[in-house]
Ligand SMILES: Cc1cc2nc3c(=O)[nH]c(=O)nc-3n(C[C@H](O)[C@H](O)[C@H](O)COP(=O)(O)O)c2cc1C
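Taking the form predicted alone, here's one chain by itself in structure tokens.
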């Protein structure tokens, strides 16, 4: 079959297959393995300090000479965060931790770190990054101008056709259409109800409206999904959950073990961990926060509140308090190397398309 299209030629890759940026899961080794296999690896750096971004980019470059992208969180923190919401949630979480035998240091509201995508742009430009994707929103006019000035190819995340149109009007080169099936954080950014459209319904509507390359994301775990997306007009597909159990994945052993036994109905959307809607496997923290009835802090305040317990839970291999992000089809993930997972995806797709 012929893999090449406008998107692959523009990015200089062999296959229109992108590894989704999964903060806390994706490693430089995973990014490099996909890029070295002919796809596009994605390095997530949302919310990280500039020096950490620099170090991660260097790690990837030490492992591959092939193209890869860097993914940013383009959001603005709330102007007036509610201190009472923060204090009430912290008090509840501390009781929950103690009831589960965990000692977690309280978070100081005044010392929550915040690293903007604006702080990260000089690092990307200095490193010569040519491909950037973003989620949770989009850069402002000055950000777009700076990125375009340096001839950086821009991919914005949309969870509705309306968001896709807004991104195109702002100047993106391609749209990542994220269906409700996708694991991890939703890329939604327009006010109103959370878009919950599946990728098979969302994709053709976005393709018809924007007339620029569209990348399908959400629930694609094998060649059948790639072919379906192609037939609906996608220029490329982005897969994340397929790599959750990969040897290079930073997912904890309990997270990987949980993935092996889940079905299509075992994930849910929650704001409990970060304050933004995200899809993952139900556990104690998700269930108890929902049952509390308390309002959840906006990102990054809720994220900062749960960060300490997530760190401790990772060290203890305690799945009750780990964010186990997973898509609706994540039960099909295989415990293989990233390169082997990618090669199988290519093989399956090629067979189906002849």
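Residue numbers count along the first chain shown, from 1. No experiment lies behind these values; they were computed from the predicted model shown.
Just so it is clear, the following notes concern the form predicted in complex with the ligand, a form of the same protein that is not shown.
Candidate site formed by 22, 44 and 73: every one of these residues places a non-hydrogen atom within 4.5 angstroms of the ligand in the model of the complex. The stretch that touches the ligand in the model of the complex, counting heavy atoms within 4.5 Å, is 323-331, out of 55-63, 323-331, 288-296, 27-35. Contact between residue 181 and the ligand in the model of the complex is found at the 4.5 Å heavy atom cutoff. Although the partner is absent here, residue 164 is not a contact residue: none of its heavy atoms lies within 4.5 angstroms of the ligand in the model of the complex. Of the heavy atoms in residue 132, none are within 4.5 Å of the ligand in the model of the complex. Proximity of residue 219 to the ligand in the model of the complex: non-hydrogen atoms within 4.5 Å are present. Of the residues in 222-255, those that come within 4.5 Å of the ligand in the model of the complex through at least one heavy atom are, in sequence order, 238, 239, 240, 241, 244.
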